[in-house]
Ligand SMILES: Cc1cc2nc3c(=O)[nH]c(=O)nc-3n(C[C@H](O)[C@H](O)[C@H](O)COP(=O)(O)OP(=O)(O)OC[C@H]3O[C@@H](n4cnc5c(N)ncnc54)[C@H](O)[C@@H]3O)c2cc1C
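For reference, the chain that follows is the form predicted on its own, supplied as structure tokens.
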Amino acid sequence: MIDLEYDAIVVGAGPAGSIAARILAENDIKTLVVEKKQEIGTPKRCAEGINIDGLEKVGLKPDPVWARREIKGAVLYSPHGKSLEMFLDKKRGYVIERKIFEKYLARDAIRAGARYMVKTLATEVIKEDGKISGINAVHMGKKLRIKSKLIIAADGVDSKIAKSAGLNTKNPLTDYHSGFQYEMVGLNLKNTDLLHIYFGNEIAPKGYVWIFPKDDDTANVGIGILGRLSDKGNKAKDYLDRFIENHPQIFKNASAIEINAGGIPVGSSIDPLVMDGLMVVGDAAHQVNPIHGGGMALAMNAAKISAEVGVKAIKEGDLSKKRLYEYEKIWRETEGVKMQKLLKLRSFLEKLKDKDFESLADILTEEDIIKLTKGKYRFLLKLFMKKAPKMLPLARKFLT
């Protein structure tokens, strides 16, 4: 057994973990990051889209090293092929190269003073007198006992650290999507500065198919569907393969160069997010957008908040749950409010039939879609009353 000691341990070297580590290290907190994978950034479990706001909130600027494609908006497609374009105006987005992006973030954290250990599996928290005081880990066959004042768990949706600490991280099947994605080359794409998103219960039940361009003929092509559907033999891959087969004009000459798959928690964050000496962020905390399943920007923002609170708590010598709750309070009063609204909207959208999606395609404007992405949905009640009265009872059930 090898004994080590740090002020703070960050478990997981994804975007959230490295943002937290950088901020801690910049404030002279002796920080260790442990990552179970032997290479940071691989494999990716991500469509790789992020907006400029998500980067700027954590002090990042787009770098051509990892910002692969600038995105100006999106095209939404109804089940029968009607399309609605929406543009980001001055707020740009990017499809990034996540494998490079994660190493870039780790580089910044290391240069700020953090230490990284890859191929290091954090197995459980250490508790002394009922309080968390570090982690046990295994590094290339060697057992480690690492003491610390603070742990930030950023170790993904199956967080061992949050579970071993005693937090309830279970996600109901109704709030769990199954994702499958190809990175493909040789596509015949139009409007490669726009994301392309396809809806419909025959296309992607209670979810959607996406095409996120990375250059003129390369894109991430993926799908997310309600997780329990895969239990009935309707796997996400099957739906995606069928979609590709039904769109030869796009995919006739294309081949996959990478396959990604995984679960996506699309409910709301776990409760609580903190314990004495512990904060949970990112996918480990289920901090994922309930509508589109994206979590990178949310995770990095949560990491920033948690690290800033952690710096103050360590310097004050108070790592109690009460002190660390500042992070949870800030989260729930900002991003958490929006997530709760989007969760309601998701519940409504999942009840729609294909004919309802067609109706939405007829009556929604670009401005309406932008409002919905921000969790502003009450205008739908008035809109349905005037233009789609048959949808009004369902909207009143879920959106009031």
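Model, not experiment: these values are computed from the prediction. Position 1 is the first residue in the sequence shown; the rest follow in order.
Quick note: we don't show the form predicted together with the named molecule, though the next part is all about it.
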request  = State the residue from Gly134, Gly263, Pro79, Pro213 whose non-hydrogen atoms include one within 4.5 Å of the named molecule in the predicted bound form.
outcome  = Gly263
Heavy atom within 4.5 Å of the named molecule in the predicted bound form - the one residue of Gly179, Gly200, Gly73, Gly277 that qualifies = Gly179
key: the named molecule contact at Ile9 in the predicted bound form, heavy atom, 4.5 Å   = no
task = May I ask you to state whether Arg68 is within 4.5 Å of the named molecule in the predicted bound form, using heavy atom distances?
result = no
inquiry  = Against the named molecule in the predicted bound form, would Gly49 count as a contact residue? Criterion: heavy atoms within 4.5 Å.
reply    = yes
ask   = Taking the shortest heavy atom distance, is Ile23 within 4.5 Å of the named molecule in the predicted bound form?
value = no
remark   = Testing 332-340, 370-378, 34-42, 52-60 against the named molecule in the predicted bound form with a 4.5 Å heavy atom criterion leaves exactly one stretch, namely 34-42
remark   = When the named molecule is considered in the predicted bound form, the residues of 5-29 having a heavy atom within 4.5 Å of it are Val11, Gly12, Ala13, Gly14, Pro15, Ala16, Gly17
